[in-house]
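Presented below, as structure tokens, is a lone chain in the form predicted alone.
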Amino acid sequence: MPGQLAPLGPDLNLVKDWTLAGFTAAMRTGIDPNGHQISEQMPWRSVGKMDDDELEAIYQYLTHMPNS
């Protein structure tokens, strides 16, 4: 919508370049598939406690979002 600010926060479209295994590992270790530390502001520690089915659901959601 014209005049509206873009959402604040990380570009979650980057997850589209990750595999499910890479996403799951990133959420459990805090290291993304490219070897970078995920910010402590991202709640990867609590998300990483989810079971495999829950993490896959989040991954599927993120990888099917329209590009922003």
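These numbers were taken from a predicted model, which means no experiment stands behind them. Heads up: residue numbers just count along the shown sequence, starting at 1.
The same protein also exists as the form predicted together with a small molecule; that form is not shown, yet it is the one meant from here on.
Trainee: Please tell me whether the candidate spot formed by Leu14, Met42 and Met50 is one where all three residues come within 4.5 Å of the small molecule in the model of the complex (heavy atoms).
Mentor: Yes.
Trainee: Would Leu20 show up as a contact with the small molecule in the model of the complex if we use heavy atoms at 4.5 Å?
Mentor: No, no contact at 4.5 Å.
Trainee: Even though the small molecule is not shown here, does Ile58 get within 4.5 Å of it in the model of the complex, heavy atoms only?
Mentor: Result yes; Ile58 sits at the interface with the small molecule in the model of the complex.
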